[in-house]
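Listed next as structure tokens is one chain, alone, in the form predicted alone.
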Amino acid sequence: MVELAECFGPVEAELNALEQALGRELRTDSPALQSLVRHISAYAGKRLRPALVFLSARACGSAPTAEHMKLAAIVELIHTATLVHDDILDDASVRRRVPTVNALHGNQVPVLLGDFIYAHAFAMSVELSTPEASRVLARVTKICCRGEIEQVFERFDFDMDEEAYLRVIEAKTAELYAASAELGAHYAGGTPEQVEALSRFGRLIGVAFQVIDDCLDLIGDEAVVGKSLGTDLEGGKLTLPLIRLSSLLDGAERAELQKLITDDGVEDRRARLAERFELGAALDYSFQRADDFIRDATRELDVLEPSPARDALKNVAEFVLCRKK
């Protein structure tokens, strides 16, 4: 299994400096906000999106600049804002092994906190040398919100197919991965071909990341993953493994699956699902689809000259496929 250290080696110094940059950006004289910022600092995860900014720059032949540091901070702040809001949508109680903001303060505070972080990130983007980042990130945020809204409206829609599912996750998850790689390349002076290829690379690994995430939501270990699991099932979100499972069942079994998902008061719905239905084939299919996306993603890197950064990007793709958390 690929370890993150193998992915991040060429940009380790930049990622270490990013932690200090994020601390400076979110510093505030409001005691209430400072308390919240301190709490969500525990949400720090794999830093894949900022790593894509830095690695894409190096893969295009340029050392990351101060603008790349700002871009990396911006995409990580936008990602953090989406996590704060996602926990409300999912009624999640744990994120990175700490209580979610909504579990501690109800829904009003995290709505405002997420908006505060979004606003700060976009204020940072207008300080860059060109408006390209603001333009791309505004597009990304609009698409991400559209995807989340579509997913809400498609809850408990048992006619949802794989194509509709992929459209939703490409919008709500993969678009920010695509923007991270695209902007890293653009601000490094990458050729149009390189910028476009890296954008496609980011989008494809983002789709794969979400497919794996949706599998872990059904079979992952909360102690390993570090967040509330089973929230998609509880919320009636038809993810790829459930869509595939449904397609493999006969009419009576499909009706039973739908009842398990829709009935109120079902205790430990995730455990009940695993007890009643054989999930192996549906999960195998989902993992294979994630593998397909990763293979497509790595082919996009052929436009780049051989380098440690290109190798690291391939390792990022492998890590996304093999991760357990």
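Predicted model, so just to flag it, every value in this text is computed and none were measured. We number the residues from 1 along the sequence you see.
Keep in mind that the form predicted together with a further copy of the same chain is not shown, yet the notes after this line are about it.
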property: Position in contact with a further copy of the same chain when the complex is considered in the model of the complex, options 63, 44, 32, 274, heavy atoms within 4.5 Å; result: 32
property: Position in contact with a further copy of the same chain when the complex is considered in the model of the complex, options 150, 157, 196, 253, heavy atoms within 4.5 Å; result: 150
property: Among 205-213, 186-194, 163-171, 102-110, the region lying within 4.5 Å of a further copy of the same chain in the model of the complex by heavy atom distance; result: 102-110
property: Proximity of residue 244 to a further copy of the same chain in the model of the complex, heavy atoms at 4.5 Å; result: no
property: is_contact(residue 85, a further copy of the same chain) in the model of the complex, heavy atom dist at most 4.5 Å; result: yes
property: Proximity of residue 97 to a further copy of the same chain in the model of the complex, heavy atoms at 4.5 Å; result: no
property: 4.5 angstroms heavy atom contact with a further copy of the same chain in the model of the complex for residue 200; result: no
property: Within 116-135, the residues that have a heavy atom no more than 4.5 Å from a further copy of the same chain in the model of the complex; result: 116, 118, 119, 120, 122, 123, 126, 131, 134, 135
